[in-house]
Each structure stands twice: as C-alpha cells, then as structure tokens.
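Only one chain is given next, in structure tokens, and it is the form predicted on its own.
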C-alpha cells in the first residue's frame, strides 16, 4: 500500500473521531484496517483451493463518561460511518460505568519521530500471483513424494501470502499507520506404516519477506523426512524420565506460559502466576523477553494498540518473574503501569497481548543437548489441550523419539506427558541455541530434568 493510501485511511480515522466527539462522546478511538490475502492448496498433484480476497474494516471505541462501547463495520460509506457512530454512542450510554476505563494520558502517546523502522513490509510478497503460489505448493509436494517411495499420500501443500495496513487515530491526539506482509508454505505428506497405520508429518516456513522464505522443495523434502522418521513408532512403559522438547514443541509450552502473564488473566485471578512477580517461576537458565522491536519478526510493531511506544519487556530473568504484560486498563486494575502491550481488535476492543515472546537461546547445540541425555524422550509433537491456567497443571499426548545413550532411537507415539507447568519450567536444566523467528512465540530446544510419562 502506498503512502497516499495509508494517509487516506488516517484521514478517514480523523474524520470519524471528530464526528464521534461532536456526537457526544468524551473519548473516541478509531482503528481502520485494509488488507488482502491469497491462499492456495494442492493435493496429490492437483489444485484443490485458490482463494483471493480483500477486506476493509473500521472499528470504533467510544467513552461517554466512564461508560465504554466498541463496534465495527465493513461499510466505509458515509452512511455506514454515521450508523457506526450512532450505534456506538447508544451502546455506550446503555453500558455500566467502569471506574478503571479511560484512554492513556496524552503525554504517554508516541509520535512518528519515535517509531522504529522494523522492515515488516515487502512488496515482493504482494506480487506473488495465484499461478506462482500454486506452482510453489505443487513443487513442494512433489519433492515430498520424490523423497521416499513410502510417502504414498498427502494431506496437501499450501501457500499463503497476505498484506495489510492498520491505522489508529484517537481523540487524545494519536495518529499512526502500520504496514506488514506475510508469506508461508506448508507441506503435509502421509506414509504407510507396517501395521497399516497412516503416519502424517509436516514442515513449514514463513516470513515477512519473500526472500527469507525457505525454498518449497526443501520444505517438502524435510516434511517427508519427518514423516518417514515416524514409521515404526512404539509406546513406552509408564516411567519418570528427562524430556527434551524440540523448538516447535518448546514454543507450545512457552505459549501456555504467555497466557498466564497477561494483565487480564492476572486481575481476573485466572493464572497460577498471580502475586508471583519477584519470585522464581523457572530455572535460572531461563530468560524470557517480549520484544516488538525485532526487524522483520512476525510480532513486531512500532506502537501498541493504544498508541504507546513499543518497548522491549523482560518477563523472566534468571528464572525470576520480573513483570506481567499490561495494557492501560489492566495496569489500572492492578495499580501498576502499562508495559505498552495493548492489542486492538478489528471491532475496536482492547486487550493485552504478547508481540515477539522469546525464550532466549543458550550456547550449546541441539545435538550436544541430546548427546548429554543418557535416557529420555525427545518430543516433536503434542496433542490435546490438557492445561489448567489457574493451577498450572499440564498433561498432553506426545510423540517423538526415545533417547538412548545420547542418541535418538526409535520413534514414540501414543504416550502422555504430565507435570505442573510451574515445576516444568523450574526443572529446565539445558537450553539449546536453535532459536528462530518464524513465529511470534519462539523458543529453542530445551530439556526438563524429569516428567511423568504414561504409556503402555
């Protein structure tokens, strides 16, 4: 999107703010989003889906006194805007007052001169046609089939690209826009096991910039390798043993922790981390940061959903919890200060979010970490949703490989691993160096000294 188009959306936001204030609102905040996406999917050499669409939405959050309401529309005509404003004001007047409601102080708002250049937009992504995207997906799937004759089927190969611009304008004096692109390729082959079971694996790559995306044929070959590696998977007997989480499985664990550090979960007391700031919540090897200022990273942004300047937040340092992540509202509820962690939905509502949440890497390689593990389970995948955020209790189905004498042995499936998340993080006794930034929540491989495995 050109600068002129972004400016037009900012001007639209300013107009709606002015009209909303004139209509009787004490506070008006407008978010405008415009974007497009292309998704294609191929399966067994044939195109299965080609979908391309564009979208525009206008979200409005208003306050009349301490009464708050949010609404949105995809009708950006003058009539659509007028209806949106009238509905928002009516809803606000009908709502209950909230003593903690209110925008940030205008002195806290950021300005364009402060915003970091984060290189989140690549015009090359926008130029990928449906034909090119389908060809990339087909090449990736073909590479998976060519990797090994035991790859007999496929759940599909997909390619997605998206671009968008988001604008925020508030009656407090903030106006800004943020542009971004995204591209991804996913290959999902299937192999036949000796017992008649189907083994499905996958591999993927994603990036803000097309040039940073892994070649689709390489993705297909790696997806096939991972699928073939699962053949002959066995159960293990019930036992206590060290568990090594590969970086994708480790990311899933970090995602559970992410939901427990958000201000909304804390003031609602729906997190096991309530009142834990300043206490040990993980091993001394664990440092966790939320960093929205990483160039080209998926969660990067120059300002948050309320217009506050994005900042690097240290969440856990040496295993000790340093802070929760908060927007203005949750900070007021907790008697603290915002960590500039607000997210604004297309409908105008505000909540707390992570940006690029990262468990920092150590210096040893993944292979070294495995070699130091005499006996254990190497987890590459987890199933189910067995986590209670209030208590921290964790139990999920897992698959991966048995570790014997420091080497990956036979594949493992149909087992369950369990341990309270608080204890799990505190039992991390090794962290590898294989961190990457394909996703907004990212972790290197790490090892937990002991967990309960329920199997045969």
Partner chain sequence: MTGRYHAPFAEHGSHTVDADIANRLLRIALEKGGDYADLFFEYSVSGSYVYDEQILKSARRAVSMGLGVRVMKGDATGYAYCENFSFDAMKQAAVTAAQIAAGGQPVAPLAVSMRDAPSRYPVEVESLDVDGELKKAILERADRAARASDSRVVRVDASFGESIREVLIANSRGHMAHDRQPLIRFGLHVIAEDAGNRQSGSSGGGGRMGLEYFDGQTPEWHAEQAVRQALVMLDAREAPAGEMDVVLAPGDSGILLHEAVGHGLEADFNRKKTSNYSGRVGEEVASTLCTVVDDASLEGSRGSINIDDEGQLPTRSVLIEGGVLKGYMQDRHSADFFETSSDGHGRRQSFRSHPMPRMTNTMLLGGQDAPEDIIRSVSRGVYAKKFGGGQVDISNGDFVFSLTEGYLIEDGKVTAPLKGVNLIGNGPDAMRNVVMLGHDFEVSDGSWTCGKEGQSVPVGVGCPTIKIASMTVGGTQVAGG
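Being a predicted model, the structure only gives us computed values, none of them experimental. Numbering follows the first chain given and starts at 1.
Just so you know, the form predicted in complex with the partner chain exists too; it's not on screen, but the next bit is about it.
- When contacts are judged by a 4.5 Å heavy atom cut-off, residue 226 does not count as touching the partner chain in the predicted complex.
- Contact check for residue 94: a non-hydrogen atom falls within 4.5 Å of the partner chain in the predicted complex.
- A residue is said to contact a partner when one of its heavy atoms sits within 4.5 Å of a partner heavy atom; residue 45 fails this definition for the partner chain in the predicted complex, lying far away.
- Shown alone here, residue 427 lies farther than 4.5 Å from the partner chain in the predicted complex, counting heavy atoms only.
- Heavy atoms within 4.5 Å of the partner chain in the predicted complex belong, among the stretches 377 to 385, 179 to 187, 313 to 321, 287 to 295, to residues of 377 to 385.
- Contact check at 4.5 Å (heavy atoms) against the partner chain in the predicted complex: none of 110, 245 and 411 pass.
- Screening 204, 272, 145, 210 for any heavy atom within 4.5 Å of the partner chain in the predicted complex leaves a single hit, 272.
- For the options 367, 87, 214, 132, the residue carrying a heavy atom within 4.5 angstroms of the partner chain in the predicted complex is 87.
- Residues are counted as partner-facing when one of their heavy atoms sits within 4.5 Å of the partner chain in the predicted complex; in 188 to 206 these are 190, 197, 198, 199, 200, in sequence order.
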